[in-house]
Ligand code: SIN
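To begin, one chain is listed below as structure tokens, in the form predicted alone.
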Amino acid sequence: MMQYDVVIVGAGIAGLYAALHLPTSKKVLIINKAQPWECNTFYAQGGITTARNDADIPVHISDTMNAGAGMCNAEAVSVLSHQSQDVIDDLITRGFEFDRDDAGHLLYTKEAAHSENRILHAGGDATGRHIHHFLLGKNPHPMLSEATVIDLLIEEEQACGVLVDYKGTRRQIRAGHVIIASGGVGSLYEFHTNAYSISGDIQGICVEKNIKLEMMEMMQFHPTVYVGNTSVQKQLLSEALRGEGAIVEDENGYRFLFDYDEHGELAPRDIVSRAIFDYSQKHHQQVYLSFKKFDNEYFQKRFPNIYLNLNALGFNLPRQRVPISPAFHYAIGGIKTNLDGEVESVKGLYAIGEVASTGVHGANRLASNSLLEGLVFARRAAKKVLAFKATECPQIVQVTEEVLIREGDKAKKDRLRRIMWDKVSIVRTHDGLREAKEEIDAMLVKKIGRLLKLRLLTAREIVKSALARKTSIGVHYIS
């Protein structure tokens, strides 16, 4: 058994930024399911939102609330925007470099549903990668990689640590403060843009522990993804491309998005995703993203990773258009927290980043607000940890002894991913959701490993939440 003051589950932007605000006088351990770079932060392309100045705060708040279809927590959105400049300034003061023009001014771009250019980027289209690399370099605490959290240690409504599987051995890692920053649920879906390790395990543990999950039906799909590659993780084509002039068209070059919304390519993600899905279904046509408005030299400089990755797959960018499809991208719902990241039903337990539901995104996340959310609420959670002394935990905590993987789990996992894509994705029906729940329930009563069980519990919670919301709003669309 290992004893720490604070355990952080996850090494993305939220986990690492929280760690940065915890002094080395505290014994802190960061636990990472795979290698540190296998997280959604690493793959974030577009950028990070910030209010450009104080005058932009109410406009940023309004844009966020409008994108969220009236379901945002207004107080959380206010915190997000009012503290945005401060966390960005903190990164810059610590030495992080955002892209700038020749005169040294910060470069801002626009993405869908933003009324102002307020999105900062780094490395062109590699903002997440650059921030992640920077925070890893600044991290003052030890990290345990390739360790899967298989249970939360909770006794008498007090967090006491985690149980991990590390190289086939189970270890109790005790701590009076546990910060969950484990990310979303991408691997539950057949087509997704997430790191392969993001599979919703912790959300399933929360279902077991009766820790409240909220708005789990709010799953966001990115409208422009190349799904023709053979890997599970698909090639994201950043929203910043459309913000700077890329257009969506059918096989004949027709820009059909304006038939669905007056903002065309710059409509909110949920609208663009449904439009592409609906148009391709009705007209039996492949949809493309065209870059013909871009100058070749500018495209290579502004979007270097997209350029290299797609050219490696045989595309001649920006001259050649790329076939696209929506794919799962971001879990809006998650573990319910207050504005300091606290899970109020369990003392010493916190959730930050994509795994949490702070309420800032409502029914539809505004583009590039997610990295900002990770920074703002990670810092708030770290401050809360330092302000309160953990309660003493009992020496003996009951933990699971379930077998992690059983024969046949792989086939069931693949079946789950197909169910979630076919019946719980961009366009849903009441019948399809009921069928999905029946299939998931049937798998849950079979002899399965714990890791599959946790995925199924999370998936079932998504389906149950979708069934409970009878009308369409934001990313939840009932046909």
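Throughout, we count residues from 1 along the sequence that is shown. Keep in mind it's a predicted model, so treat the numbers as computed, not measured.
Keep in mind the form predicted in complex with the named molecule is missing from the figure; the text below concerns it.
Using a 4.5 angstroms heavy atom cutoff to the named molecule in the model of the complex, all of His329, Arg365 and Ser370 count as contacting.
Heavy atoms of Ser425 never reach within 4.5 Å of the named molecule in the model of the complex, leaving it off the interface. Although the partner is absent from this view, Gly68 stays clear of the named molecule in the model of the complex, with no non-hydrogen atom inside 4.5 angstroms.
Proximity of Glu239 to the named molecule in the model of the complex: non-hydrogen atoms within 4.5 Å are present.
Under a 4.5 angstroms non-hydrogen atom cutoff, the named molecule in the model of the complex has Glu111 among its neighbouring residues. Residue heavy atoms within 4.5 Å of the named molecule in the model of the complex occur in exactly one stretch of 437 to 445, 411 to 419, 42 to 50, 450 to 458, and that stretch is 42 to 50.
Scanning His121, Arg269, Arg380, Arg118 against the named molecule in the model of the complex with a 4.5 Å heavy atom cut-off leaves one residue, Arg269.
Site annotation in the model of the complex: the residue of His132, Lys234, Arg274, His222 reaching within 4.5 Å of the named molecule with a heavy atom is His222.
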